[in-house]
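Just the one chain here, laid out as structure tokens, in the form predicted alone.
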Amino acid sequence: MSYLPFVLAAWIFLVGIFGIVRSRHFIHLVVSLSLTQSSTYVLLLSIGYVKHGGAPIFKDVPLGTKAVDPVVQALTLTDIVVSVTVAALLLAVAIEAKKHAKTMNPDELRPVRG
């Protein structure tokens, strides 16, 4: 078993978290969050990987043939859809913040009052 994909996922996650913490621009924040979420793709796909496994299509395939886990692939696709949705929502919030506050720096925004 190789630990390289797990180390890679942890490294991508930490780089994304570092970018979120150091962000002084909304677009940089969204990109860093997307990077952090993409580390979960690497992690999920490395969990579901089977060495020398085929595609999870079982029509006309002999019993006992190795195949990758289709549930993990479905979870990864769901994670991608959620990631794109979150990025679109955050970019819309960034555009509205730019319109109303004339800044893209989260530190310069004033508190919202009811």
Partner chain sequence: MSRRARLALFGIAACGLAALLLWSITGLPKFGDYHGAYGKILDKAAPRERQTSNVVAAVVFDYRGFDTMGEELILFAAVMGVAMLLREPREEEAPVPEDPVRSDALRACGVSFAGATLVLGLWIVAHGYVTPGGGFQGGVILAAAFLLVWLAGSYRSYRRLTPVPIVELGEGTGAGGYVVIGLCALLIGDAFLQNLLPYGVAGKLSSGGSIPLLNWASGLEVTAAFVLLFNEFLSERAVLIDPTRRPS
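Residue numbers count along the first chain shown, from 1. Quick caveat, the model's predicted, so the values are computed rather than measured.
Not pictured, yet referred to below: the form predicted in complex with its partner chain.
*Asks:* Is residue 104 close enough to its partner chain in the model of the complex to count, meaning some heavy atom within 4.5 Å?
*Replies:* It does not: once its partner chain is placed as it appears in the model of the complex, residue 104 has no heavy atom within 4.5 Å of it.
*Asks:* Taking 4.5 angstroms as the cut-off for heavy atoms, does residue 27 touch its partner chain in the model of the complex?
*Replies:* Although its partner chain is absent here, residue 27 would stay clear of it in the model of the complex, with no heavy atoms inside 4.5 Å.
*Asks:* Is it the case that residue 77, even though its partner is missing from this view, gets within 4.5 Å of its partner chain in the model of the complex, heavy atoms only?
*Replies:* Close contact exists here: in the model of the complex, residue 77 approaches its partner chain to within 4.5 Å, heavy atoms only.
*Asks:* Determine whether any heavy atom of residue 31 comes within 4.5 Å of a heavy atom of its partner chain in the model of the complex, and answer yes or no.
*Replies:* It does not: once its partner chain is placed as it appears in the model of the complex, residue 31 has no heavy atom within 4.5 Å of it.
*Asks:* Any residue of 5-23 with a heavy atom within 4.5 Å of its partner chain in the model of the complex counts; write them all down in order.
*Replies:* Residues within 4.5 Å: 5, 6, 7, 10, 13, 14, 17, 18, 21, 22, 23.
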